[in-house]
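Form predicted on its own, single chain, as structure tokens, below.
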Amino acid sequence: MIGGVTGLPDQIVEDVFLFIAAVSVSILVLITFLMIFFTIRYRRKRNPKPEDIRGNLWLEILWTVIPTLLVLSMFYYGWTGFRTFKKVPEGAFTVKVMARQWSWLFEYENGVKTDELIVPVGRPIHLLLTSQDVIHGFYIPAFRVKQDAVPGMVNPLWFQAKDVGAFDVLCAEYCGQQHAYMLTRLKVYPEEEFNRWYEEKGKQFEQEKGLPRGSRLLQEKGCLVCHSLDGTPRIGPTLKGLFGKTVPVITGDRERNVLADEAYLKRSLLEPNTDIVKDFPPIMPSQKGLLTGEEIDELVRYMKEL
């Protein structure tokens, strides 16, 4: 218990909102009642001769003190709930969350990375949120939790699932052209099922360490949000058959054709707005500092084979 507020984040949020709603409705009912009462009590027929009312000191003190106490109580209730949000329980399961235009990446303590958040039921989950590019808002409506993911910062957030199931995860900050499609799922498994999944994914991750990583990197870095592998254009051109193809691009104010060789692919990753593919928006973020030289080589090697 912290400062009078206890419970899980979702319950705390609901309690605070219900408290504020109850106070607001009570004030509405009181003001409406007094308005009707005074309209009837002091109507012109009963009071044909108006009187000059000079005021009442105690009444003025009352209607100043009571609203002040109500506002302070709402602030205190919300503040103590906020403190609970920031105090992560001991033994919480930690997951790193990377936000980027326009997808989520979740990294577990055993090195496994997924594009959906998988957690066990009944256990506190400690999320460490950051962003690769712009500000995003990590939001799970069903659990009443939201926290901004900010570039260069790591923001903590925790929650605890009480029921098994699948729940929506949204981005609650406008983050660019595909903001509305920045969706994923939170999947809550029973403890034993989660442990099996976690162990199997961990073994799979260890086995894949020595294998070509191109396909996995495309998924982990969020490339497949904008680029397809089957020839279908999305918000960006497809990667299928790209290598060796002549690509019409806009360089500055000039249109020209360039050969999609290794140099072009690397330049497109590190300086995406140098040569903008014709008929596509210049919205790809630079991967400079986000990809190692080895990862760039892996991606180029994989795209050559598509």
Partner chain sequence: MSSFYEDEGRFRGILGWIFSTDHKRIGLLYLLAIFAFSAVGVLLGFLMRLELMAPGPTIMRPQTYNAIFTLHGVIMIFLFVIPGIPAIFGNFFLPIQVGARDVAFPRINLLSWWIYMAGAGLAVLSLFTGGGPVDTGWTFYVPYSLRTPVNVPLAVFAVFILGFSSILTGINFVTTTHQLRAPGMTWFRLPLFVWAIYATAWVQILATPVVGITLLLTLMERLAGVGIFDPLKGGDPILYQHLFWIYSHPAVYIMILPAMGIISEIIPVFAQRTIFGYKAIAFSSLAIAVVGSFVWGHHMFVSGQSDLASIIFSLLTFLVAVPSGVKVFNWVSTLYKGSIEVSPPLLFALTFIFLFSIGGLTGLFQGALATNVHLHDTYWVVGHFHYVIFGGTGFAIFGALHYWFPKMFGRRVGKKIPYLAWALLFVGFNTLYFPMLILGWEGMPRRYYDYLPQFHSLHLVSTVGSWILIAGLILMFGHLIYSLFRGEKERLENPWGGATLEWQIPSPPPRENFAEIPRVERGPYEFR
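Numbering follows the first chain given and starts at 1. We call the rigid core the largest set of C-alpha positions that still match within 1.5 Å between the two forms. Keep in mind that what you see is a predicted model, and the values were worked out from it rather than measured.
There is another form of the same protein, the form predicted in complex with the partner chain; it is not shown, and what comes next is about it.
- Against the partner chain in the predicted complex, the set V188, Q219 and G241 makes no contact: no member has a heavy atom within 4.5 Å.
- Only one segment in the set 89-97, 223-231, 134-142, 114-122 has any non-hydrogen atom within 4.5 angstroms of the partner chain in the predicted complex, and it is 134-142.
- Checking A172, L105, V164, L128 for any heavy atom within 4.5 Å of the partner chain in the predicted complex turns up a single hit: A172.
- The closest heavy atom approach of P50 to the partner chain in the predicted complex falls within 4.5 Å.
- Among heavy atoms of N257, none comes within 4.5 Å of the partner chain in the predicted complex.
- At a distance threshold of 4.5 angstroms between non-hydrogen atoms, N110 is out of contact with the partner chain in the predicted complex.
- Although the partner is absent from this view, E271 stays clear of the partner chain in the predicted complex, with no non-hydrogen atom inside 4.5 angstroms.
- Taking the partner chain as positioned in the predicted complex, the residues of 58-84 that bring a heavy atom within 4.5 Å of it are, in sequence order, L59, E60, W63, T64, P67, T68, V71, L72, M74, F75, G78, W79, G81, F82.
- Once both forms are overlaid on the rigid core, the distance between the two CA positions of L259 between this form and the one not shown is under 2 angstroms.
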